[in-house]
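Single chain ahead, written as structure tokens, the form predicted alone.
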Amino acid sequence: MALQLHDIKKVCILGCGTLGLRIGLRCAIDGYATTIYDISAEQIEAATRPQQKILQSLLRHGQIQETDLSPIIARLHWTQDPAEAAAESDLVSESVTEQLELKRRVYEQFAPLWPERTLLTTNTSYLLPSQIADHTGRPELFCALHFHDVFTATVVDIMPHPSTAAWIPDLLHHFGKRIHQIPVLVEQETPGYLFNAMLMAVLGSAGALLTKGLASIEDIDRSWMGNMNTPVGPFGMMDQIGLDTALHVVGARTDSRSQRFATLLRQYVEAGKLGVKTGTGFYQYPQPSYKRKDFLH
């Protein structure tokens, strides 16, 4: 039986990394009982800090009120127990690490635990939902629902696979609006959805310019920033995305240009230089040189 928007009361988030913690917080802000699951107690503890910073930022900008804070926090529940996370869930958003076999194992683990009605969504960046669907135990109730930042970049991609029930994209469209996102429908499966497909063309080109020795990181970024009038260039963007995530995406491509760039990215990742989240990547944080007033002069 097709669900309606009012049937969605409890949201389950699998994985509390950069996006999982934001999706969970957004759902809690918009009134949903939200359970966030992760296998790591350390990751759970770490996730609460950026959530607090986001709430304080929303408060400063008048997007929430002081009286909203306690109810929002009360709607958030954290757990390392799969059965507890799955119980009474109406909609699941999975944001575990971008590795196909890992995602498949997670769905196989949770498949017996979710109620029969539960709608399952994956936040995968480049994998196709059809690569995962059969491992969910309910491919007809499975769809990609891909978020970007949630609070600053508010597009959410809805991408069904061939077996997704026909009513699900429309429901996810309404759900996306309910949590203050801009829903866009990707009518056929494609790696990278819409924006990421366009973005990777830019980032891949920047990587090729660098690995060919045609220009420095800074000058490639200056060229982009100065011509497009943006506050950050391709390498700064990769630092924000996370160089580990960039490596997962670039490393999956088999062409020689992508593999050369993947080799470079791997050196950064193996050295623990993942970008903004570790304080160093292509630039040093929290004050990267591209934010200096003289960077373009």
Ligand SMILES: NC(=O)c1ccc[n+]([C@@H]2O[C@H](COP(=O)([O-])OP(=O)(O)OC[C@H]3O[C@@H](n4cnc5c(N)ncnc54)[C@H](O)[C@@H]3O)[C@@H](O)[C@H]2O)c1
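The first residue of the shown sequence is 1; numbering continues from there. Every value quoted in this text rests on a predicted model; they were computed, and no experiment measured them.
Same protein, other form: the form predicted in complex with the ligand, not shown, and the subject of what follows.
Between 36-44, 257-265, 227-235, 65-73, the stretch whose residues reach within 4.5 angstroms of the ligand in the model of the complex through a non-hydrogen atom is 36-44. Among heavy atoms of L19, some come within 4.5 Å of the ligand in the model of the complex.
L102 belongs to the set of residues with a heavy atom inside 4.5 Å of the ligand in the model of the complex. Under a 4.5 angstroms non-hydrogen atom cutoff, the ligand in the model of the complex has V106 among its neighbouring residues. Residue contact with the ligand in the model of the complex: E218 places no heavy atom within 4.5 Å of it. Here the marked residues P139, T164 and E189 all miss the ligand in the model of the complex; none has a heavy atom within 4.5 angstroms. Only one of the listed residues (I168, L209, L203, V96) places a non-hydrogen atom within 4.5 angstroms of the ligand in the model of the complex, and that residue is V96. The partner is absent here; in the model of the complex, the one residue of Q181, T121, S89, T124 having a heavy atom within 4.5 Å of the ligand is T124.
Contacts with the ligand in the model of the complex, taken as any heavy atom within 4.5 Å, map within 258-288 to K277 alone.
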